[in-house]
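A single chain, nothing else alongside it, follows as structure tokens in the form predicted on its own.
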Amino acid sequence: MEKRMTESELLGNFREAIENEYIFVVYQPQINHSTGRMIGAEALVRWKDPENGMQFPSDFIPVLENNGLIFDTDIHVFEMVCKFQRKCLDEGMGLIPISVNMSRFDIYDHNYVEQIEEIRKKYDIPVKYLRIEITESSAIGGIELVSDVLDKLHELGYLVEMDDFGSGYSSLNILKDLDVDIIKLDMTFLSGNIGGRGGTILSSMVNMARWLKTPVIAEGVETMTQADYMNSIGCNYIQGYLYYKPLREEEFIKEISVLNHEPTVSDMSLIDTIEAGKFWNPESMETLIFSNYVGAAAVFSYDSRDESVEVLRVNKKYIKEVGMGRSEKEIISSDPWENQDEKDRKLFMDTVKKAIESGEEEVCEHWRTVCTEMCGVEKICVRSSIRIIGRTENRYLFYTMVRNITAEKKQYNELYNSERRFRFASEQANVYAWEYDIATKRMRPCYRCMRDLGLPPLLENYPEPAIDAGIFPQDYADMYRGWHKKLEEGVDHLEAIIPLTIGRVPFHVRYTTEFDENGKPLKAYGSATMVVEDEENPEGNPEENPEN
């Protein structure tokens, strides 16, 4: 049976509680809401008296503070955390950073930094796995002293978190004067309706932290609605009952062993033309455009250390275009490289790296295999237009427009196979054939063109190389250039009799255009057939006559 202890009972039992670990530590994990991975945990103090049961921290902490015992408590908690980390190391478990609270009483008349450093060295714990957490209120009235303590902690390699940011009256001034590494937001702003004035304040805080390149953890998140809202304004890191209540050591060890871990990193600094808050704010014009007007689009991150890619956000048109019956959650949680062969993966990654180097939009076409219950196994070809919109030291944020071009590719392959058969047949006749890519102005000639006319397998900036080589005479050069402008404009067919080569042998030259599903010209297939003596001149159109 639990009984609230009086102040005298708390003070009388304190030393025994420390020695017998009736005062102990519980751990509350911190989770990346976008990935479900653990990024750290906070150590919280608890007191379970053998006779009176659990005591509420709100009951015993003020008593300890008022009677000069909170320093001993905080040092006790720090040592218990180091013992736990040492146990994890000795048993071969992966460590995660654990935050330990430092009160304002710890730095008044105490050598707090020196004592915790002595304990850390005693248990030989890497400093990157221990973080010191201060409250905003603890800094009020003692900025210089707290700042000096933070400098000492930073010199030793500790990261410092500011807890309950936004709960006080001088948040901006304190953040200006104190060099903290991580901000923990007070979620009391979202205690009522999501959004509104509280949501606007939180969004502004997240934006401000981004500009300072400081990670943000939302503390006290209890509902999925709150977590999704924080995610929408750019705060992925969550601590609260939605994911975990504070766990006893044995429970926490189980979670560490089954959950993947990831480091806490600062939010990305976005390129100058993108405003971070507007991009993530669910009510902004940027989000409205992303969701409704830009076509199929997604946002993904890329880590250059292991070349991992993670889809962070997709719009409804993306789901319709390439989702193949999958939900948004299924797309985001799936492995982007699953069922994608090495060739197409390399092609995509090369395009991503090119986008980083150029800062411009880069395009690639790659195949992927999608497996769903609705559609089964489906192989699709996707054209991705990729542009970088943000970066940190090793991580990059990309915006991509996608289009399912599977039908176009199949049509092209059919045309290509037909063209191959045509080219083979043309070897037996006085026919030359070539393929012209309208967007790139590249021409690929047939074997007879290469054999008889000495052309290379690929001609850039066509038709200039053919004109320079004398294949198309100068008096017909402007007319032939005009043809290619018409192909760009979308004409579906061109033909005329043109004297070719130095010998001015008459050939019937034809172009037939291939269009995509939106009517945009993609390729043109050309042929030149030697004219027999009785063939009529099809030039008809005076624009094709070089004399006009």
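This is a predicted model, so every value here is computed, not measured. When you see a residue number, it is the position in the sequence shown, counting from 1.
Another form, the form predicted in complex with a small molecule, is not on view; read the next lines as being about it.
The partner is absent here; in the model of the complex, the one residue of 52, 34, 28, 513 having a heavy atom within 4.5 Å of the small molecule is 28. Think of it this way: in the model of the complex, the small molecule has a heavy atom of just one of 39, 69, 45, 500 within 4.5 Å, and the residue is 45. The stretch that touches the small molecule in the model of the complex, counting heavy atoms within 4.5 Å, is 238-246, out of 467-475, 302-310, 238-246, 454-462. Of the heavy atoms in residue 63, none are within 4.5 Å of the small molecule in the model of the complex. Looking at residue 232, you'd find every heavy atom of it more than 4.5 angstroms from the small molecule in the model of the complex. Contact check for residue 220: a non-hydrogen atom falls within 4.5 Å of the small molecule in the model of the complex.
Using a 4.5 angstroms threshold between heavy atoms, residue 408 stays clear of the small molecule in the model of the complex. Within 4.5 Å of the small molecule in the model of the complex, a heavy atom is found for all three of 74, 103 and 164.
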